[in-house]
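In structure tokens, the next block holds one chain alone, the form predicted alone.
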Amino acid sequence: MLLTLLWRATFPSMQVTVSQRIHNLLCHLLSPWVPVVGLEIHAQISSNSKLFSGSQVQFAAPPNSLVSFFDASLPGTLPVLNRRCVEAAVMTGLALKCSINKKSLFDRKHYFYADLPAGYQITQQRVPIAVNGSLSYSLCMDSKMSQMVTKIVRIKQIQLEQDSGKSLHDDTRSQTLVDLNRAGVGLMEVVMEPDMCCGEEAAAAVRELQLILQTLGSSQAVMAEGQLRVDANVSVHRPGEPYGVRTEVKNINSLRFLAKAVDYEIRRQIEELENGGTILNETRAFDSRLGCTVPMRDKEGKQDYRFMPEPNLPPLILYDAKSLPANMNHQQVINIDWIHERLPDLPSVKREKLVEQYGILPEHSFTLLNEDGLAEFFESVVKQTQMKPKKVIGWILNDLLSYLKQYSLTVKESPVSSFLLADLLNLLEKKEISSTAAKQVLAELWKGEGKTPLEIVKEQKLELLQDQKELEQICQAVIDERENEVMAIKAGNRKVLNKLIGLVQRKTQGRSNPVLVKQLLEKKLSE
């Protein structure tokens, strides 16, 4: 409340409610504490088989139906590195402006857990496949997305590693069941430096990474299916002092939960320190029902993972155009330059092209790309309609998107295809219907009854009135009924004219062209 009053006192002319983003910004500016957030992101690689075995990768397969002898860690089995997983990691590293190590190493990370059959994980601790990159992401500073701020987070490294299996806890029977279908699936661990300061920044950075992975095809990155999992490292310290003790919030599987978990943990640590307490170096989990983090395990006695070189895998050697041996079989090596040449346009480039090609606002390009398939839907509508892209974007973002969110549907599940929406917008552009009628038609189309926009218009008699004499009579009737409003308009209050236009629209049941109505009213009022 104090921050809200401070904002209003500082900017009295801005009669707006203080948004959560502004509130968070003021909190950071006025707080005597500096929050620090770093992320470790595990992205499941899009591959038909696992990292070191030929077992199939498939979400929601029957438990323990996709487990090879190697995945189950039977004695005598050996790892065979999956080429596709290496290429995906190289591609991701290049997209994140990393240096690709031509020689990287595999290590064993030892720890015991029921869903890790071997008692160790094969990872890249000493020399990972990619290092020293960066990720640019953007934040909107107000609810209307009219102010965008671009930030950069450094990428420390990207490493290849195995996923573990999955433990399923049955509280009713007091049992824990283990499903090894996921054991050995290829992961890219993307380690971000502690360059962020709040939950919103963390969520924005992960969303941008998610879009990049999906664009590259290196990961489907669907968080609801566990294909992208985030660990957040959070600490607070006073300005000018060293970083404080950090906590790790594990396995966050939603952008919304990530933002909430980080912001809660920042508040919890500040409150604990201001009350004379201390922060424990511990692992915590986010309870989405309670909206808070809860302790999982203590980290004060640092676990000894007993890292050692993986004896069954040689160093991973990559090449570029200069280092590629002349007589080498191209099918047996990975050429970094070859992958770099085939990188698709990244989300940042796609946004620039949308703005340049269609003249839309930069913030609109962010919304188009943030919703899976929406940019393609928009471009398809533009190609099929006579309406200008700047007007089409309004119908896409304000009307179609609100319907999709209201019914929790994706763009691909929309009952209104790009063809139907383009057909509707063409009727509007040719002035055969009003915008009010167009919204009525869209509502009918949303029912998915198989009717075309034109059929709906004819059935419900939504065509614009073409008889100008009839429309003039209606305008005159409204003028005659509204003497006070007419006097106000003639006295110089032109805003009242909009009320008369609305009354004419009501009398015609939305079948009148507002532009024509305005012209007719102005003509009659000047007589």
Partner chain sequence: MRALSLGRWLRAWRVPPLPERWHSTLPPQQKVSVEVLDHLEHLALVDFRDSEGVERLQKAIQFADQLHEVNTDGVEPMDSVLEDRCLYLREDDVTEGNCTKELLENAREKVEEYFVAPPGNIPLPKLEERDSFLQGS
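Just so it is clear, the model here is predicted, and its values are computed rather than measured. Positions refer to the first chain, counted from 1.
From this point on, the text means the form predicted together with its partner chain, which you will not see here.
Q: Does at least one non-hydrogen atom of residue 332 fall within 4.5 angstroms of its partner chain in the model of the complex?
A: Residue-level check for residue 332: yes, a contact with its partner chain.
Q: Against its partner chain in the model of the complex, would residue 44 count as a contact residue? Criterion: heavy atoms within 4.5 Å.
A: No, residue 44 sits far enough from its partner chain in the model of the complex that none of its heavy atoms falls within 4.5 Å.
Q: Residue 51: heavy atom within 4.5 Å of its partner chain in the model of the complex?
A: Residue 51: yes, in contact with its partner chain in the model of the complex.
Q: Does residue 357 reach its partner chain in the model of the complex if we count a contact as any heavy atom within 4.5 Å?
A: Answer no; every heavy atom of residue 357 is more than 4.5 Å from its partner chain in the model of the complex.
Q: Mind telling me which stretch in 273-281, 338-346, 197-205, 107-115 gets its heavy atoms within 4.5 Å of its partner chain in the model of the complex?
A: Looking at the partner contacts, the answer comes out as 107-115.
Q: Which pick from 323, 175, 370, 406 sits with a heavy atom within 4.5 Å of its partner chain in the model of the complex?
A: For this set of options, the contacting one is 175.
Q: Can you pick the one in 353, 391, 412, 83 that has a heavy atom within 4.5 Å of its partner chain in the model of the complex?
A: Comparing distances to its partner chain in the model of the complex, the residue within 4.5 Å is 83.
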